Each structure stands twice: as C-alpha cells, then as structure tokens.
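Consider the single chain below, provided in structure tokens and representing the form predicted alone.
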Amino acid sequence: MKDMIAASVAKIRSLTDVRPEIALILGSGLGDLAAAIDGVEIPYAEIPHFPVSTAPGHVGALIVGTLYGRKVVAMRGRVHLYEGYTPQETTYPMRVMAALGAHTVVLTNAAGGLQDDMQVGDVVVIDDQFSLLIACGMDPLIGKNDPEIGERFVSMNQAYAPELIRLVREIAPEVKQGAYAHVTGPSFEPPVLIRMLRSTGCRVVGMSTAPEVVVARHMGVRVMALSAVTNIAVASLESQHVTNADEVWESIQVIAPKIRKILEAAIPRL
C-alpha cells in the first residue's frame, strides 16, 4: 500500500507544486463545484493505481489548486462499490489525498431523504453513519494493517468532526443535521429497507461516503460531510412513485448552489 500511495503521490507532484491542506470529494452531480478551483486537472486514468469513475455524473478527474484562498485537492466524482471496486479500491483516493497533505476532508453526496420532515432540496450535515455493509465484512480496513499509515483499531465515535458540524450550522442555520445510511446500490432501496433505515433514525440514505470516512479517520483526517436531498425515499408499497436517476440529476441542479454557498463560507475557516 505504501508503495502504491507513493507512486500516486509522485505522479501528482510531478504535475503541480501545490501542497493541499483540504480534500474535497464531490459526489453525484456536484463535480461542477470544482470549476471555482484555480489549478491543475489530472484524469484519474493518468494516476498510477487510481480507480477510474464509471458512474454517470462523475467526471473522474483530480484537481489540485487554490479554492477560496486555501490549497485544495478535489475529486470531480468518486468511485463506488456498485461499480465493482473493493472497499480498499473505493477508498484509495482518500489515502492519496491524505498523503498529499490534506488534514481535513469535505465530502458531498446526493442522497434520499428518509424522515417525514425531509424535502427535496434540503441540505443535511452528517453527524454519524450506519452501514450494515461495513459492519458485516466490507470494512475498508480489513486486512493487514500498516501502523505507519494508521492504527489497527479506529474509533468511529465523533467521526464527523463536531466543530465542523457547528461551523456548518453557524453558516447555514437552515441546514438539517443527522446520520447517513450507507447502502451498496446501484438499485434504489426497496420500501421494506427504507422502513428499517427510518427506524434507526437516519436522515438520509446513499451509496457512498461511509467507507471514505472510515479511511479518513484511519489516516487522522478530520471529516465534514454534506448530503443533498435529491429525492424522498419510498417507504410504502402503495406508493406509485418510481425513484429514478433523472429525478436525482434534476434535483441536484437546484441544490448545488446551496452547497457551493456553504463551502464558500466554510473552506476559508477549516
């Protein structure tokens, strides 16, 4: 792993002198937020060992440069378990960004709203996560551990930095707060699963983020995460609504400016 990370870092540093302080992982439909970064764009395919995005709405390029006065490295699109990658491959970019120097990561994602008070267009700052996949054997830390990279056992209590949650709520009081439920996808969740996830108290559900957060904490990186609620999860077989990708893409166009406004205020203060 160390040799792989070193090779990835060496390639990126051969193309830019910027040493990033902050990492950004921009999820479905949110990659255009990277347009404000003044820097170098590197396709994932040109970085040794880097997985390549195949999901719609994920450009698949790393941008290293300056954003709102801070040095950043940003992923325009991530990779997911449903693309056929392992948990270790899915989270490899997080390891590379930490090795480049990022001490804080900001993750964004498109998600389904779970609770009755959720509406399309809401932004949720995540404070915890629920993943049966990780709990049942798809933890990205499974396997031999290198203590030079991170500790064998990693606490996930307050994995989402409380001070960064407070910062978001200060900047945008209208933002909701809650836990993120992680599923594999790519099929949308059946009603019985939505009812189960509702019972946990989770606010939103999505197909990413949780494994990346585990690895960020493994490498000592602070975490802030925002979910864009692009659809309301269907919990009843009686519902005639059919969740689809077009619904998600249409909603994200409305929500993206809200998230960009939050990041514009938050990033200088991270």
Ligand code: HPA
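For every residue, the number given is its place in the sequence shown, counted from 1. A quick note: this is a predicted structure, and the numbers were derived from the prediction, not measured.
What follows is about the form predicted in complex with this ligand, which we do not show.
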query: Options 211-219, 32-40, 224-232, 66-74; stretch whose heavy atom lies within 4.5 Å of this ligand in the predicted bound form; finding: 224-232
query: Partner-contacting position among V96, L107, A110, V79 - heavy atom within 4.5 Å of this ligand in the predicted bound form; finding: A110
query: Contact flag, F188 vs this ligand in the predicted bound form, heavy atom cut 4.5 Å; finding: yes
query: 4.5 Å heavy atom contact, V205 and this ligand in the predicted bound form; finding: yes
